[in-house]
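Before any questions on binding or motion, here is one chain by itself as structure tokens, the form predicted on its own.
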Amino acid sequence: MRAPNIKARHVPIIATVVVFGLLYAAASMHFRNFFSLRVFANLFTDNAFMGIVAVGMTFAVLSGGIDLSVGSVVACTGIIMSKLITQHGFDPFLTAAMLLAAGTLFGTIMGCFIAFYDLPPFIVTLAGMFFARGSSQIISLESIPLKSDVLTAVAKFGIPMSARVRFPFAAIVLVASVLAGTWIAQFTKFGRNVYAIGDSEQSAVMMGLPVRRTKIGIYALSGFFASLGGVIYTLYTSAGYSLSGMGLELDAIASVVIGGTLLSGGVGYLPGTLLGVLIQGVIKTAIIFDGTLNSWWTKIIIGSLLFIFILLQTWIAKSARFRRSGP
């Protein structure tokens, strides 16, 4: 009776690995030069900001919650960063540190409302989304270019993979974020508390776990990774814009779910989220290689995959209920 439980719990992540492998293999066989170090590195680079945001989103979903503010935080971070550095001459590294602290504080405030007033995360983070987006548009409606020789050098830094290909800075930050998130989720007391809350908040309370403190930490962590994603996105585009990150929260949620994390909480792994991000990247890149398909096919394919993974989650939830009610 124990083996089926283990298998059911790991079905989503196994499905994610299989889907990624099949898509990558199919694209590599169909398109010339798709299977190359440069394309592989670009999958990480082009989706680094979304992947970093998805790391924080994974913790929110693991707890049975959600964070709709992340796209707006990315935009707000970018517009403030560009304005302070380009127009006011602030130190680039000090500015980045301030914005990471501000994003963490913003997430902490939302977490406090969720934890202490027992408000739905959907409503609180929706309000946070409007607040951050409105703030970025008050600062500037126009795109502000990021002008900093130091940050340009940082953005161009990379680890050599071959004579002509480097694993860029944005990709390095993405991998580091996933590794840090995995360590927090799997090897810390905080991470175990997150899983416990997602599995059953009532049981977590009865066990004496610090539910309120953990919830605050979850949204503080999500705010940190959202602001970090904003910094990386600004380096990637060399500009800040108040309309950046529109719909990014939905892409991040899709990556988390396709990566094998249950929307009901309690089950999921950070490496799966990375694969969910890369699956979206493979689809986008394949469409670019094809050159004849509309870019909206990306949304159609991702929507189809999302529907399939939600069906998988429904089956897992029913299996879990059946096992609990069985002899």
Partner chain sequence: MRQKLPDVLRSPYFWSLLFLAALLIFNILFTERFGVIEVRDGHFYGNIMDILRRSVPTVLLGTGMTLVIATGGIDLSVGAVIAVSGAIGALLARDGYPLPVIIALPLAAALISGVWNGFLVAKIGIQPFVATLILMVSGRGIAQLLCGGQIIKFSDPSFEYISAGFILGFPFSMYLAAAVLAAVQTVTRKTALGLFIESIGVNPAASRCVGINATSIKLIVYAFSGLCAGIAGLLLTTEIRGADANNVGLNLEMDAILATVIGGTAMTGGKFYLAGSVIGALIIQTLTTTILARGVTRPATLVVKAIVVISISLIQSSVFRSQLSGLLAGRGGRA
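What you see is a predicted model; the values in this text were computed from it and never measured. Positions refer to the first chain, counted from 1.
Missing here is the form predicted together with its partner chain; even so, the following discussion is about that form.
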Practice task
Just give me the single entry in Val154, Ile172, Leu250, Leu209 that has a non-hydrogen atom within 4.5 angstroms of its partner chain in the predicted bound form.
Solution key: Leu250
Practice task
Sort through 271-279, 289-297, 25-33, 41-49 and report the only stretch with a non-hydrogen atom within 4.5 Å of its partner chain in the predicted bound form.
Solution key: 289-297
Exercise for the section: Spell it out for me: taking its partner chain in the predicted bound form, does every residue among Leu119, Ala127 and Ser135 have a heavy atom no farther than 4.5 Å from it? Expected result: yes
Practice task
Examine Ala176 and determine whether its closest non-hydrogen atom to its partner chain in the predicted bound form is within 4.5 angstroms.
Solution key: no
Practice task
Using the partner position in the predicted bound form, report whether Leu263 sits within 4.5 Å of its partner chain, counting heavy atoms only.
Solution key: yes
Handout entry: 4.5 angstroms heavy atom contact with its partner chain in the predicted bound form for Leu311
Key = yes
Practice task
Decide whether Phe113 counts as a contact residue for its partner chain in the predicted bound form under a heavy atom distance cut-off of 4.5 Å.
Solution key: yes
